[in-house]
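Just the one chain here, the form predicted alone, laid out as structure tokens.
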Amino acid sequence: MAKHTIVLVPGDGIGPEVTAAARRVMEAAGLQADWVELPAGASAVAEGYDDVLPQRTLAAIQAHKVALKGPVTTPVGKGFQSVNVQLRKKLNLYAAVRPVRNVPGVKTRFDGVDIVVVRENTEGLYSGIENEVTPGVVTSLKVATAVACDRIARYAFRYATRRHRKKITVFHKANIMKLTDGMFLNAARRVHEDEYPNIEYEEMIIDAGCMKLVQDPTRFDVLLMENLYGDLISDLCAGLVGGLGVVPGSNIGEDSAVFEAVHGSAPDIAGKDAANPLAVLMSGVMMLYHLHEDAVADRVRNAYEGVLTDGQVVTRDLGGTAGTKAFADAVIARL
């Protein structure tokens, strides 16, 4: 087994607790790693850095190619730009991949959900180009480039092929945004027709797609969409299987990858040993597969699924009473 160097960004609020728990479990499962722990978010400012995304943290991820990140605080309607958005743009992490599956022991309205949301991660309305053109009038620019549209379409089809997925559905609003979403749609069509005709392909206007998702999510396999749509739909899909606490997330680029929990920093329960570390742990499993540590990843996944199936040690968000450390202890014992 190789020894890896992994950047660990604990984040804000509950971030340090859940990332520490995930790290402890992965090491107990056999991961050999040197962890480079660096700050981002409000915690970076609290530590005396001038920026919520310190250059030191960014440089470390660029150097070591992989990071595990906890949740960070993003002010609403004011304050600094999202750390997550900055990371994705500065490291060119163009593909956000969020698998959404039913979790053992977590009963929801639907069974058999197994969806992967593939989201373009660098442009669209999240480009952050906003201007007040005159008092009381603000514009926000949606950016689409042929390069980025083609790149994410090709990534989605390549992902589907490698993971033996059968169908890709593109969610769009090209009936209204004919140029931006039209470009995205045309790129997906070209890649499908020219390179991956073996993958089943369909297109769906996003409002109709949302309706069909909540009617029967089992009809979907891989969902491909631009940035804003992907952000919204991935959270909607998480709600189908129990919420953001039971789904992982990853941000993939040509040179680097950042794996992260997609839930918030929950400052109201920070430091109380009350948070569920499962989402970070699941993201850690994605990271292990990315590092080709498949055996370690399988052990961790089998262990947390076993704990959830038993239902004896369950965190509060899933109806139990266990704390962060107790859940991690149970997973380690299960190993």
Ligand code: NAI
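Residue numbers run from 1 along the displayed sequence. In this text, all values refer to a predicted model and were calculated from it rather than measured experimentally.
Below: the form predicted in complex with this ligand, not depicted.
- Heavy atoms of residue 267 reach within 4.5 Å of this ligand in the model of the complex, making it an interface residue.
- This ligand is not drawn, but in the model of the complex it has a heavy atom within 4.5 Å of residue 14.
- Under a 4.5 angstroms non-hydrogen atom cutoff, this ligand in the model of the complex lacks residue 172 among its neighbouring residues.
- Within 4.5 Å of some heavy atom of this ligand in the model of the complex lies at least one heavy atom of residue 262.
- You can rule out all but one of 147-155, 244-252, 131-139, 103-111: in the model of the complex, only 244-252 has residues with a heavy atom within 4.5 Å of this ligand.
- Though this ligand is absent from this view, in the model of the complex it lies within 4.5 Å of a heavy atom of just one residue from 72, 188, 117, 160, which is 72.
- With contact defined as any non-hydrogen atom lying within 4.5 angstroms of this ligand in the model of the complex, the stretch 190-216 contains no contacting residue.
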